[in-house]
Structure formats: C-alpha cells, structure tokens
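The form predicted alone is given below as one chain in structure tokens.
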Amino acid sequence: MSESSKPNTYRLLQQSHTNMPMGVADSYRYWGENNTVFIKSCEGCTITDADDQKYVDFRLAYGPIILGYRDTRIDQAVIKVITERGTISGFSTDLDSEVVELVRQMCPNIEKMRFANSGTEAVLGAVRTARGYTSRNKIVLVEGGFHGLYDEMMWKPDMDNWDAGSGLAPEIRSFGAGIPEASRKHLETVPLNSFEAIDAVFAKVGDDIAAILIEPILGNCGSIASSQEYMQKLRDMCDANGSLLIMDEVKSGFRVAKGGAQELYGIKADLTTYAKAMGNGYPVAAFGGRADVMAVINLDKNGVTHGGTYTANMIALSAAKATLTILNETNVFETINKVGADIQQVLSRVFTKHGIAHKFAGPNSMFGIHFGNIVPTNYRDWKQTNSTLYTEFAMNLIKHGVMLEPDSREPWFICESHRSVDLAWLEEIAERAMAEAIATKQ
C-alpha cells in the first residue's frame, strides 16, 4: 500500500498510529504498513475497504458471520428490542431463558447455561466452573487450540521456531510479554490425537486434573480435527478419572451443525463454550453443560462466582434469539455446506492444474487448506505443510478481491450469503493468484 495506491487507507493508518499502539484496536488487525485493511462497509458476504475496493469475504471476522453481514432478520430484531425495551438494565429479562431454551433444543449437551460477552470470557467461566466442581487445579490443553486471550490460556507451543527433526516436543512459551510464569503452573499440554500423550499426562497428574479443554475441530489450526476414537478416548478418560471434558465450540458451535461438533461426533462434553456464530456478528457468548456441574455457580461461601455488567444484555440476546431461530428452523446448514463443498472443488481444480499437492480439513462450513500430501492430524503435522506458498497465494487472492486470513492456520469461513458467489469468477481469481504465487517462488 502507498499513499497513491490506497490514499484513504494510508491516511487512516497514519492517523490511527497517533492514537493506538500499532495503529489498530486489535493487534491481529495489523497486517503491516502495506497491507493493513480499513473497512468502510459490509453487506452479505462482501466487504468494501476505505478506498472502495470490494472483496468477497471468507474471513467473516474470524467466523461470527453465519448468515451474512447486515442480515435484516437479525438487525431488525435488535432494532426492535432497542426501541421498545432498551439495551441493558442490570436485571434479568425473559430473553435470558428464551435463548437458553433455543440452545437446549439444538444442543442436547446443554442442561443449564450462563452468558458471557466473548469467547475468552466463556472459556474463563467454564474453566473456573470445572475447578470449582472437581476441587482440582490442572487443565489439560490440546496443542493447536485457541482458547482466548487471558493469561492462563496464552501458553502455546512455539511451532514457528520448532525443528520437526529434532525429536523434541515444541517449546511451550507465553504468547507475548506480560504473562507471568505462575499462570502456567496448572497447565499440561498434549498433542491432538495422541493416545500415548493423554495416557502419560493422566498417569502423571491425574488426581489433580480438573478438566481437558479441547477444540474438537481446531479453528485456529486449519480445521484439523480430532478423530472419533480420540474424542471417545477423552470422554472415557474423564469419566474414569472424575475429570470434566470441556469442548470449546466458540468457532464450531452453531456453524458446523445445529448441535455443533458434538452433533458430528455424537459425544457430549460436560461443559461447552459458545460465541461467534451464536449472534451473527453481535457480541454474545455462553458456557454451559451438565446441570449438576453448573450448580456450583452460586452465592455460597464455596460456590463459583460468575457475572458481568454487560452479560445477557438485550442487544446480544435479541441477536442470538433471532440467529438461533433461523439456524434451527431453516435449511441454512444445507446451503452453507453445499457452498463450502463447491468452493473446495473450484480450489482443488486450480491446485491440481498447477501440480500443487493439497488436502482439505474440517467441515465444509469452516474448511482448512493444507499444501502437502497428507491431512494433518495435529498441530505438529501442520509444520510439515507448505504454509509459505499458502500465504503467497492468499495475499494474491486479497489483491484481486478475495478476502481471507493469509495464514493457513485460519480456515475459510462460509456463510449463507456465499450462495451468491460466482464460482467461475472465483476460479479465475484463484487461478491468477496461484500462478502469481508460483512465479514469485521461481
């Protein structure tokens, strides 16, 4: 980007540098001085930047948009509640139970639920509840999962600097500065789909494991998925050990199926976290599960504390009610899954034409692309894929009007509005982007 090629974006970034660190309100929105994006408007499956370039968007704000931007069915429900009832009162409303009852219809794993404002808050609430219920401390994390931005969940395998041929596990490091070493004390980390690793950690500290926390489909790692056998293993280990199974469905919930990933696996978690697609872009989140586990949230001396000023505000819950009703009563998932499958066929033709070995991972509504000959089974396998070529390809797509995250660890998200995408146009753009990526590497 330059002052002449993107004058409005350039001006906005310079202005923002005087007001915010890195010139952005969220560190992930900074893509460098030449590529940071400023959005002017969003509608359907498209976004328009500050210089009026229009993109078909497969990033969808990291997944919350399940129907489309500015869906009038959702926006009108929100406008109605604002004009007729207000936004927040600090008290309970009928919307609270109405939304929980909708979730319970769709997700049999939920018996009782509490609301939050973000995925981070939902995970924090679920982990605290698990510890309160079990009176144990340790949480087993599965590599490649993303569970929010609070200190304890920001210890991750340093895959970018890991030597896969070393025979050693990746180093676990804090995801940035300002995170005290003490916050790591009660965490254990295991690779996805490894029976040996899960057996070892339970043998070592099983009597203090409060919960296993897992994204069944790694929404921050190219949609690499747990095997059916691994999910059953976790369920059985938790049952035998008195630990809880927490499934983080912040990304997969209300996106991959009505009942989320748990519907696909046929295995119930003790606690589940939700956010993102739950409100089609409005900030709403929740965690819930077994009634006896959730019952530890109370005002007793030994109870678990949960609350928040903006929790269950009427804007969030009216959006959730409208979104969940549509997802529950219409054929949205059928539409989204068909579009996702069609787009994968388009991309596969392009990759095959250029001799690029490739595999898709995850469900059609949030599929990952991995350049290589195998579908990765865990985060360490991802290291063996050609992520450099993927980034080149992705940046060229963006240049030509297809928006996505230029990191193969982020899936392609599909929404109902993508049914209008011209697949012939998309194939032409993908063909051009891949040809340019290959030429750059020669």
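Residue numbers here begin at 1 and follow the sequence given. These numbers were taken from a predicted model, which means no experiment stands behind them.
The same protein also exists as the form predicted in complex with a small molecule; that form is not shown, yet it is the one meant from here on.
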Query raised in the report: Based on heavy atom distances of at most 4.5 Å to the small molecule in the predicted complex, which listed stretch, 317 to 325, 332 to 340, 119 to 127, 351 to 359, is the contact stretch?
Result: 119 to 127
Query raised in the report: So in the predicted complex, does any heavy atom of residue 146 sit within 4.5 Å of the small molecule?
Result: yes
Query raised in the report: Counting only non-hydrogen atoms and a 4.5 angstroms cut-off, does residue 262 reach the small molecule in the predicted complex?
Result: no
Report task. Answer for residue 250 alone: is it within 4.5 Å of the small molecule in the predicted complex, judged on heavy atom distances? Result -> yes
Query raised in the report: With the partner left out of view, is residue 243 within 4.5 angstroms of the small molecule in the predicted complex by any non-hydrogen atom?
Result: no
Requested in this report: Identify, from the list 226, 109, 311, 220, the residue with a heavy atom within 4.5 Å of the small molecule in the predicted complex.
Outcome: 220
